[in-house]
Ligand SMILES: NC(=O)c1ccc[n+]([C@@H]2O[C@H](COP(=O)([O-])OP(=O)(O)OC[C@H]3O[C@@H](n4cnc5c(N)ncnc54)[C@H](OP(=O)(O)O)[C@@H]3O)[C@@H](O)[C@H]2O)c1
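Before any questions on binding or motion, here is one chain by itself as structure tokens, the form predicted on its own.
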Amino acid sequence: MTSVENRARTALVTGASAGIGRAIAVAFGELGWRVAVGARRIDALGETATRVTDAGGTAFVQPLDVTDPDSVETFAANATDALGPIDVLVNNAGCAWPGDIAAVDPDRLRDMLATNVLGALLPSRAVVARLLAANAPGDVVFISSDAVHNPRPGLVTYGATKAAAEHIARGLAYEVEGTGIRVTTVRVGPTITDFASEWGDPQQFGALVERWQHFGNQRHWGVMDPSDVARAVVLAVTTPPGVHFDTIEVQPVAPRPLD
């Protein structure tokens, strides 16, 4: 009997052009899955697709703006036509702009809210509606941040949007209870990505870290690789039917002191 942990599945990964999203897509490829990879940076998506196919999977590539309902619906429809019904969704797309609440640019506030909140709602709506219509089981994963319970000055808005995404995940789990659709939040600690690549001033991140240390929000300098997060996602979506992970928090181990 084919079970959810070993059969080939069709996954949609948002924000798959780099970092954690790319690592998750490649990990699915290693399982031999069909993977639809979407993001606004189409040039970088090509590299993700190549890595998915090299790993043993099948890739579908198309630009995706998770804040645009038409873009999300078109992507979901085209991915389904190309790969088959989507039964795994990873809401990974996200953005963060630094700045205290009293100083951050309103357009950047709007960008974070749209990408991190609406950008989790719209893909979930598209995929879950299809699963319910087909009376099919599936998995929906929300990539969150430990900033939800560990507020970091200068990134408070980002943490608030991730808290909203976690609320969506919990509420969605109630809405689909008894349908075979599982909902998991993967809460991520410090990870090596291009998280701050668009901030402009490379010293800005260092200044933020100093503030976080002052408040005890940065206890050590341990960091994870995106593949560490991908393993947690794979664990969640391949666990056998009848069990689900509500929340998985992934944190780096503190570096050992030098001798």
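Don't overthink the numbering: it's just position in the shown sequence, from 1. Not measured: the values here are computed from a predicted model.
The same protein also has a form predicted together with the ligand, omitted here; what follows describes it.
Each of 89, 125 and 140 having a non-hydrogen atom within 4.5 Å of the ligand in the predicted complex: is that the case here? Checked in the predicted complex: no contact with the ligand for any of the three.
The ligand contact at residue 188 in the predicted complex, heavy atom, 4.5 Å: Although the ligand is absent here, residue 188 would touch it in the predicted complex, with heavy atoms inside 4.5 Å.
Using the partner position in the predicted complex, report whether residue 115 sits within 4.5 Å of the ligand, counting heavy atoms only. Answer yes; at least one heavy atom of residue 115 falls within 4.5 Å of the ligand in the predicted complex.
Hey, in the predicted complex, does residue 93 get a heavy atom within 4.5 angstroms of the ligand? Taking the distances in the predicted complex, the answer for residue 93 is yes, it comes within 4.5 Å of the ligand.
Partner proximity in the predicted complex: residue 25 to the ligand, non-hydrogen atom cutoff 4.5 Å: Residue 25: no, not in contact with the ligand in the predicted complex.
Of the residues 52, 233, 36, 64, which one places a heavy atom within 4.5 Å of the ligand in the predicted complex? Among 52, 233, 36, 64, a heavy atom within 4.5 Å of the ligand in the predicted complex occurs only for 64.
Mind telling me which stretch in 129-137, 97-105, 75-83, 157-165 gets its heavy atoms within 4.5 Å of the ligand in the predicted complex? Comparing against the ligand in the predicted complex, the contact stretch is 157-165.
Can you list, in sequence order, the residues from 34-57 that come within 4.5 Å of the ligand in the predicted complex, counting heavy atoms only? The stretch touches the partner through 39, 40, 41.
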